[in-house]
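Before any questions on how it binds or moves, here is one chain, the form predicted on its own, in C-alpha cells.
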Amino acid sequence: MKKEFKQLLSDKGRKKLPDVLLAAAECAPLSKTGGLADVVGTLPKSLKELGIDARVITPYHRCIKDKYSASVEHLFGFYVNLGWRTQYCGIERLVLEGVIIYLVDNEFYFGDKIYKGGYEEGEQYAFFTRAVLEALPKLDFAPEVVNCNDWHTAMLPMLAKTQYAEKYGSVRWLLTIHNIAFQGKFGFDYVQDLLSVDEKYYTSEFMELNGCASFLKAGCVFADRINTVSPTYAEEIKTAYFGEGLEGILSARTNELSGIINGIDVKSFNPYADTEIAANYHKGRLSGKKLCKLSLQEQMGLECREDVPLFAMVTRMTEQKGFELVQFMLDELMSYNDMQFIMLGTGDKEYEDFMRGAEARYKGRLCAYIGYNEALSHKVYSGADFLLMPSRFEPCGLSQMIAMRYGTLPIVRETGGLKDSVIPYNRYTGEGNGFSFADFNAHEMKDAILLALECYSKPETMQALIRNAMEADFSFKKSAEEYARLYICML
C-alpha cells in the first residue's frame, strides 16, 4: 500500500482500504455503448492493483447472456416491488479478469436493449435501482462506498437515505457524472408510480428541474460526493453554458465536487502488441506506423501516398462533437490543401449524408465509413497522422488519448478532458503533444489544422511531437489512485 494511502487511513483511524461497489448501466467488455462502459470495466481492475476490493453491479443484458452465460453463477433470486408491479430479480455472479461482477437479471427489462429510450428506459433503470438496494444486504459483500454512474443509478443515494435509511446509514455514496446532458427527466406522477418517492422531494430544492423530476439532480443533492471525468469539466458544469440547469446545485456543492480524468486500457491500445494493425511499432522505432498508414490507405480506397498528411475522425457525427464545424470547413480545407481524410462513425442523418457526398467529391482522398468497427478503429488510430476532435463540449474524451498512444496527433477544441489531456504545440519551444483551439469557431479550427499541416512539412518537428504524444501516461493507474484518495476521504 502506498505511504500516502496509509497516512490518509491513519488519519481516519483505519488500517484497511475501503471496499467499493461500482453501479452502472454498462460495463466493458460485457456491455458497451460508450465511454462509461470503458471506465466501469477498467477502473475496478486498477483499484484492485492498489489493494481495494472493487466490484461491479450491472444489468444482465442479453448481449452478456449470449457470450458469458456459461461462466455465470446464480446466487439468489427475489421479487422487486416497483409501484404496483412485482417483478422477478435474479442476482448472478461473474468473475472476469479477477473482478467480481454482480449481474441483475430480468428478461423484461434487460432482454433486448441496454437503453430502451424514453419512459421505458426510466422504468428499466428504476427497476435496476430498486433491485440494487434490495440485493445489497443479501450479497456476500458489504461495500463501504458505492460509486454510482450517471442518471441511471443516480437515484441510489436518494432512496438509500430516505426509504432505506436504516439499512444504509453507514454507506457512503459517490456520484460520477460522465455526461451532464443526459439527466433522466420524467413526470412526477411517473416517478411516484415507479419509486413511491415522497412528494416533498418534488421541489427545486431536491429533484425538480424544468418542471420534471430529474434523477441526476436527485443524485447531485443526496450523494456524499460528486465527481466528473476531468478537472476542467468539473469547473465547466458549474456554469450555465455547460451545466444543463444543474449549475446551481453543483456550484452550491463546489467543495464536494471534483474532477478525475479518465484513463484508457493501455493493454488493449498498444501499438507494440496490437494484433489488429498492419505492423507493430513503438516511440523509438516508428517505421511500423508508416506501414500502418499505407495499409489503411489501401483498405479505405485512398491513394497510397506516404507523403500526404492523413486526417481522421473516429466519433459520433453529432452537434456535441462539433461536426457543424467540419461541415462548414471541410470543402475549403480539401480544396486548398494536399491532404486526405477518413471518417469512421455514425450519427445524425444530415452529417452522414454530407460525408457521403464529400466522399463522392474527393474520391481517392476522402473515405466516409458510416458505421462502427472496433478493429478498423485500431487501424485508423495507428495509420492516421492527425485525429480531429472539435467538440462543442467533451466531459473527458478517450479518442485523443488512444490516438496519442499510437503516435497520432490530436487536434482538439479546448474543452473538458480535451483541454486537460492535450498540450498544444508551441512553435517557439517545441513543446506539445497535439494542437488545440479555444473558441467553438470553424476558422479557429482551420488555423489549428493549418498549423498541423505546417508541422507535417517539418519531419524533425513532427517526430518530436509524436514522441511527446507516445510518452504521455494515460493509463488508468493514475485515475485509480485519485479515485482511491477520494474513496478514503469519504469515509
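Please read all numbers here as calculations on a predicted model, not as lab measurements. In case it trips you up, residue 1 is the first one in the sequence shown, and so on.
Keep in mind that the form predicted in complex with a small molecule is missing from the display, and what follows is about it.
Novice: Just to confirm the contact call: exactly one of 425 to 433, 53 to 61, 36 to 44, 447 to 455 touches the small molecule in the model of the complex at a 4.5 Å heavy atom cutoff, so which is it?
Specialist: Heavy atoms within 4.5 Å of the small molecule in the model of the complex occur in 36 to 44.
Novice: Consider the chain as shown here, without its partner, and state which of 172, 161, 113, 178 has a heavy atom within 4.5 Å of the small molecule in the model of the complex.
Specialist: Selected option: 178.
Novice: From the list 390, 219, 397, 383, which entry has a heavy atom within 4.5 Å of the small molecule in the model of the complex?
Specialist: Contact with the small molecule in the model of the complex is made by 397 alone.
Novice: Is residue 320 near the small molecule? Define near as a heavy atom within 4.5 Å, in the model of the complex.
Specialist: Output for residue 320 is yes: heavy atoms within 4.5 Å of the small molecule.
Novice: Since only the chain is shown here, I'm wondering whether residue 238 would be in contact with the small molecule in the model of the complex (any heavy atom pair within 4.5 Å).
Specialist: Outside the cut-off, so no.
Novice: Would you classify residue 156 as touching the small molecule in the model of the complex, given a 4.5 Å non-hydrogen atom cut-off?
Specialist: No, no contact at 4.5 Å.
Novice: At 4.5 Å between heavy atoms, is residue 229 in contact with the small molecule in the model of the complex?
Specialist: Contact with the small molecule, yes.
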